[in-house]
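Next up: just one chain, as structure tokens, the form predicted on its own.
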Amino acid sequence: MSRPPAYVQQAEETWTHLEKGLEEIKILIEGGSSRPWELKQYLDYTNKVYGLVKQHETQKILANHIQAYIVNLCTGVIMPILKDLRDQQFLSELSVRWYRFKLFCKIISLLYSHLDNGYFNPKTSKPGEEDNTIQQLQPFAYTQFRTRVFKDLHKTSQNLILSFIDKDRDGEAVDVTMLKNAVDLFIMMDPKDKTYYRDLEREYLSRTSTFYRNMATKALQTDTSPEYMIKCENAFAAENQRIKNYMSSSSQIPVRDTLIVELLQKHVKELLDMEHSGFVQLVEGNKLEDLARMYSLMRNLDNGIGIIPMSKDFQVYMMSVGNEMMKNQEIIQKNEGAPKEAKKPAKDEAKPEAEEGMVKDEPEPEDGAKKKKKKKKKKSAKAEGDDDAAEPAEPAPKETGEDGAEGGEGDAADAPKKKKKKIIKKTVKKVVNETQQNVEFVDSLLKLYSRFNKMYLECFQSNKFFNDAIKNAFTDFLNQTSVGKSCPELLAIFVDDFVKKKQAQQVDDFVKTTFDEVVALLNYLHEKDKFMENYKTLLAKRLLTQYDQSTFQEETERYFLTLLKNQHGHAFTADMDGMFSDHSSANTLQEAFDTYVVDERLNLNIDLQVQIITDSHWPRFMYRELQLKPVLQNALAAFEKFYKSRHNNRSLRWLHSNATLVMSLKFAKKTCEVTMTSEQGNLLSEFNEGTFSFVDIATRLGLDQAETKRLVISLMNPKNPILCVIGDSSEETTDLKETDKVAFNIAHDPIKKKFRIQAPSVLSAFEKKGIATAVDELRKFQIQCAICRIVKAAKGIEFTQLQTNVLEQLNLFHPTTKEIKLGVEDLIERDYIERDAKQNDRIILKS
């Protein structure tokens, strides 16, 4: 027998040393006593491999030996160990053996990298060589493990893995590392197509579906909707954690879809409509956490199945609550004339700062500067023949007659003793109650919006369907036709009341939140122009009737005006900006007038302050001539002379209805300085001459009875009753009658020596008529402008389309079809547009 060639003997000897090294590595991986290799030992081993690989004759010998070693490791070592094991021992040992085999293959790939690059590399392989020479060492090892170990055991392994996952779902403790290694084996046995893992995943999803189908059926029989959703949330979290622990990340979406179908999609209607704990009941109970959980789960479904039905139920509930509130408010407004006492506020409840038809006294500052301050009276004047107008402020002189008061008791002191002076408390309370109800109603609307908006932001994550639901619901019930005050009017009254309160002195978070909510409600109103006119009128009253600049909270007023401007544009607030401009320029004119008085050496005996107003910016005022005291007439004449010297082509009209004065009232126990409007003071001064009936007062002042009643009631605040009624019995009067005798209440003992009587905040009939007229005129103008723009741009348009386009352009109000038709007819009469001769319903621009 011939001896093998020398290179074969050399290769066999070298392999013997290399095989010992592989045994040491195997022992080291299995946790044996073999010492870790040092760098020198590693370099020596790789050099021996390189020595065989660089010679073409020894490459194949080395490749055959290492391949045979791997095959023997699978069939002679691993398979005999696994063959007799069962259940958990089998799966645990399989996962351990696979983990060690992977680690071993990784190490030998590094040690035999020269062989991989020089012999197993497909680019260096030669035609006619066997297929196994093309496969590199690590893939070859995995292939041998699959064909010689895993192929016969994967069904058993799959069943065991699934059984342990079932135990994990049932709450039993399982070896997560074991499962991870076992599942990883299924992936690595076919990393490209993942055939084995797909089989495992398919069965895994089937068992997942069965488990959660049973769980849902059982839970829905006993649990409430929130309890069931908590279980669903926990199920999603648990399955996500299982995916992270031992399954492939590619299974996350199929598993989630399975849970969505079994836990949510099949039971969505039952969950939303569940008795006592469905979606509507959660909204009604303000269960924010449960609503957020329900939304988080339902958004996994198609919008048409989960989110849209929720938003529709949300809208229906909001509309039902809003409609009920509007119905109750309408009933209150219908019955507001009934003699029903307002509910007394609890002691710990905050009383409104300003109440409609009610006088409120506030202390004058007691510092030295204020003590020395003269009595002031504010007057408003309009420059005739010009857009400018003037508002002066002047103090009335203290006049004390024999009866002890300017505008004092008069004949009331000599009234028969049998007659008892009474305050018409119920009349005042009725007006106050109306204001409180209006303010409280708007406040309840703001709270309702805040509540639902919080759900929209926090629970429904600003989803557009819920935003549309809020918009549709509030737009529906806020724009209902009412027999009393409409929502735009009530909203303006609320803002008027709010800006007078002490908590609105600074623009803090509370003020900002309140104004943001008011602007949000305003966006849902169709008649925004009506709000604007009412707000404008009430703002004018606040600007012109404040006796002290410290009582006018300009920062707060301007902040709200900025919000309106940002939301609706500069044109929406142009008039109010002009009003503020007039208010701000008053100081310059006042300084010039004070200088004029000094230079001319005039002795006015009063401190007169005048406010010039621009007529085009301000609401329509009623100009009434009052019989003024001579000292006031002289002061006003001096100002007129001064003003004409600066503006010769202008004339002034004095706006007495919005002026402010300070009067000295002498009661039985003390003399007080009371700030009030000039109309209140003019009415009060009549009582220096005696006691008068309600009709007599109206006749002497030249006012209508409604206006007179409004002024008289404002002076009958139960807290500081300046006037009283002389009655024939001790029974309390329920209303102010035409025959009632009214007198100065000299017996009243005010708590403070300086206080103010707020101007009646109820709008007069003239003011209400002015608002309605202004709204109608502005609407007519805007409708006609929109029609002209649309017809000009379209060069001819049918009326139906014209109506649609007009509605799209006008966002401050929603014109009716009748109003649009009237606008078209008016423009045709004025030769701006005409009807098409060939098509009667087509409107064209007149050439």
Partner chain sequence: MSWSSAGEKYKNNAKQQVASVTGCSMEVAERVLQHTQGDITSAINEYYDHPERYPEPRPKTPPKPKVNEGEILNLFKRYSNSDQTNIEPDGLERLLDESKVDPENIGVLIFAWKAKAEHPAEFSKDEFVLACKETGIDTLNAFGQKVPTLISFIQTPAAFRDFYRWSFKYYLTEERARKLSNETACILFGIVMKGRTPFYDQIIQFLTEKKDEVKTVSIDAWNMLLDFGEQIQPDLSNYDIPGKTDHWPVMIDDFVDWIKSKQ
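For clarity, every value in this text was computed on a predicted model and none was experimentally measured. Positions refer to the first chain, counted from 1.
Separately, the form predicted together with its partner chain exists; it is not shown, and the next lines address it.
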I'd like to know whether E19 contacts its partner chain in the predicted complex, with contact meaning heavy atoms within 4.5 angstroms.
no
With heavy atoms only and a cut-off of 4.5 Å, decide whether E825 touches its partner chain in the predicted complex.
yes
Is E12 a contact residue for its partner chain in the predicted complex, using a 4.5 Å heavy atom cut-off?
no
Applying a 4.5 Å heavy atom distance criterion, does Y69 contact its partner chain in the predicted complex?
no
Checking T800, N64, Q55, N47 against its partner chain in the predicted complex, the residue with a non-hydrogen atom inside 4.5 angstroms turns out to be T800
Sort through K821, K795, R35, K40 and report the residue having a heavy atom within 4.5 Å of its partner chain in the predicted complex.
K821
Which single stretch, out of 784-792, 55-63, 813-821, 22-30, brings residue heavy atoms within 4.5 Å of its partner chain in the predicted complex?
813-821
